Ligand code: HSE
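A lone chain, given as structure tokens: the form predicted alone.
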Amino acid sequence: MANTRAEAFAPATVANLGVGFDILGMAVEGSGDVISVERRAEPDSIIISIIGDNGKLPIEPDKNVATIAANALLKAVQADFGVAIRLKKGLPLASGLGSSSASSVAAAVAVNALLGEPFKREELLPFTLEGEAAVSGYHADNVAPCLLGGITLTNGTEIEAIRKLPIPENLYLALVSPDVAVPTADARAVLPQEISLKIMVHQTGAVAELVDALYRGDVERLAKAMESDKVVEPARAHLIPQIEEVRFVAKRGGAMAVVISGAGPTLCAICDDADVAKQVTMSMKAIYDNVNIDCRIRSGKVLKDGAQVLKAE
């Protein structure tokens, strides 16, 4: 049954998990983006309002990831109407928390709900990728966990190439997002175009160790594997202010590893206790307070379920 309006939520995500560049990601508890859509007689989608972006996001339908994703879905069902979109940003832009993915996913899930859910959740992946591609290209390391939840291994852009991995019961995350934008394009520009065979062997071994640790529920081994990247994080470290100081205090406070979330500047600390994770966020925040850089903090677990429909009527 079709509806006249619907609303959906899509969570933040942490991509790469250190060594898994462009292939690993996880959805995290806490804030995310909320999109409400309402049927309109005219074709295609438009943005009615955006809250929480400080006026930085484009409202043009061909430039905003939410309208691009919504229009891709409407085109697939040959709809003769459009939707009006209201977007509430709960994630900072260019923060390494999958902000563009959250908007793309929330839009697709909301429009699907508006239409009476003609598509299964995993079938929405192509539409979310259309939105994400407008910002950072066709890769699903953020949109897959955002859409499906949990920890995902993504070896392509087809749903058949995505696997959900086990979530250790005692895995807790401590995240700090300094108010310093690191656009994905800038973060990709500093990456090496070639690596040695020796480093390639190390990286593939580290990814294998990480997946093995997830299946065994071994958070300590997981953390060690995540922090062993020799390709991407070393090239990007200079883009993240105070990264070594944050890593030091986080580990002193009980964290097992600290990695860059996505393109950064958000840093993600791996912990095995909820109270430790909360305390680690405060320690990391203190580093940025000392240098007068505003930041946001959060702690919690991996979100097992991804985006969700909040209402459909």
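Everything quoted here is computed from the prediction, not taken from an experiment. Throughout, we count residues from 1 along the sequence that is shown.
We do not show the form predicted in complex with L-homoserine, though everything after this point is about it.
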(request) State yes or no: in the model of the complex, is some non-hydrogen atom of A263 no more than 4.5 angstroms from a non-hydrogen atom of L-homoserine? (result) yes
(message) Against L-homoserine in the model of the complex, would A12 count as a contact residue? Criterion: heavy atoms within 4.5 Å.
(response) no
(request) Answer for T157 alone: is it within 4.5 Å of L-homoserine in the model of the complex, judged on heavy atom distances? (result) no
(message) My question is simply whether R188 lines the interface with L-homoserine in the model of the complex - judged by any non-hydrogen atom within 4.5 Å.
(response) yes
(request) Could you tell me which of 167 to 175, 115 to 123, 128 to 136, 83 to 91 sits within 4.5 Å of L-homoserine in the model of the complex, going by non-hydrogen atoms? (result) 128 to 136
(message) Residue by residue through 226 to 248, which ones have a non-hydrogen atom no more than 4.5 angstroms from L-homoserine in the model of the complex?
(response) R236
